[in-house]
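Here's a solo chain for you in structure tokens, the form predicted on its own.
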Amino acid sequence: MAAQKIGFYGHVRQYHDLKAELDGAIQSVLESGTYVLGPRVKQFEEELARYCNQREAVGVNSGTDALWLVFLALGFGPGDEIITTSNTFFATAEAIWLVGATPVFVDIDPKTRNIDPKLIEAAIGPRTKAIVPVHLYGQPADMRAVVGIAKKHHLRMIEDCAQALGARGADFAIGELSDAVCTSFIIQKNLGCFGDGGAVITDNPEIATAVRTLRNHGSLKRSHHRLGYNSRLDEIHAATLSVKLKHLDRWSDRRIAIARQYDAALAGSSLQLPSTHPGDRVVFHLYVVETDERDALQSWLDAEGITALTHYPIAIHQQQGFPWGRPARISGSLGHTERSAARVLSLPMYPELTDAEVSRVIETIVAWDKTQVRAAAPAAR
């Protein structure tokens, strides 16, 4: 009998694990008759702010909107430059373009695949207004180093935390060193709703008020103070997120345990494994390995009923039509970014994976790796 497939996402299993709680939360919203910016959104915002040890959280329509609305709240626009990385999901740069500003891409640290702080100062110019480090794959960026540069040059700092809610550095918390944190709640995230959703988390009440106004047509209490947009977190999403937030640390612990299994079993393989900073709590939104034979490994896994995906196989600056008729600037070489994009493969990683499934993924990779070793061995004389 063929082995059961191992999918890449576990959100259906997660739903079944929490079905009674989630169904009850959704039913309560449907019975309430209040579906937009009601008490569940307010409750979740308060819970999320407490979880992140910040004063304010503002629910919005998506992680993209979270970035975009923060940039608007801070007054960024045409002529301004914002430093970030090309090794991220397109939305990080897209939000910069949406406000009319210019993204400036710097290379990554090849070990962590996060923005390399040593390269940031060379990218700073007279129009630079902010730095946007991305906590890629659930690993905190080197925030102490980045914030030192931001303070030296009087720059704003906004964290793209779409993949790292619940992570923290060895000597800092997410949000502690920045103006605002932007996160996403699309279903495949570590904390996901049943659709699109996002939030801005901040200790700055002025930023929170501005984002609240912008998300709701420029209005706070039925009076429109400015031009705004429609970017509101729905009540049903907020209610389900409140249910799930209580489980987030437990889920993160399970992700970390799975990552340790991968680390231990694949340490002697030909794969480049994730490299983390000592003391960081990495919440492994994705477990990403690198190999020059990425496509071969992905096909091998697929043939064995195991789904592995690529995040992100084409860096933003390499995508077709870049920069889409909008301003962009590349600072120095992006060689590490380009090499990583060509080699990355994400292994199954979600809390609902069983130990047996993790073992099967490992055994399948070890078997593939042995074929690579044999292929590379010199012919016997």
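A quick note: this is a predicted structure, and the numbers were derived from the prediction, not measured. The first residue of the shown sequence is 1; numbering continues from there.
Quick note: we don't show the form predicted together with a small molecule, though the next part is all about it.
Visitor: From the list 162, 211, 180, 115, which entry has a heavy atom within 4.5 Å of the small molecule in the predicted bound form?
Guide: The option sitting close enough to the partner is 162.
Visitor: Answer for residue 340 alone: is it within 4.5 Å of the small molecule in the predicted bound form, judged on heavy atom distances?
Guide: Taking the distances in the predicted bound form, the answer for residue 340 is no, it never comes within 4.5 Å of the small molecule.
Visitor: Given that the small molecule is not shown alongside this chain, does residue 92 nevertheless sit within 4.5 Å of it in the predicted bound form, heavy atom to heavy atom?
Guide: Residue 92 belongs to the contact set for the small molecule.
Visitor: Check whether residue 85 has any heavy atom within 4.5 Å of a heavy atom of the small molecule in the predicted bound form, and answer yes or no.
Guide: No - in the predicted bound form, heavy atoms of residue 85 and the small molecule never come within 4.5 Å of each other.
Visitor: Should residue 147 be classed as touching the small molecule in the predicted bound form when contacts are defined as heavy atoms within 4.5 Å?
Guide: Residue 147 lies outside the contact set for the small molecule.
Visitor: Which is the contacting stretch out of 60-68, 332-340, 23-31, 39-47, given heavy atoms within 4.5 Å of the small molecule in the predicted bound form?
Guide: Selected range: 60-68.
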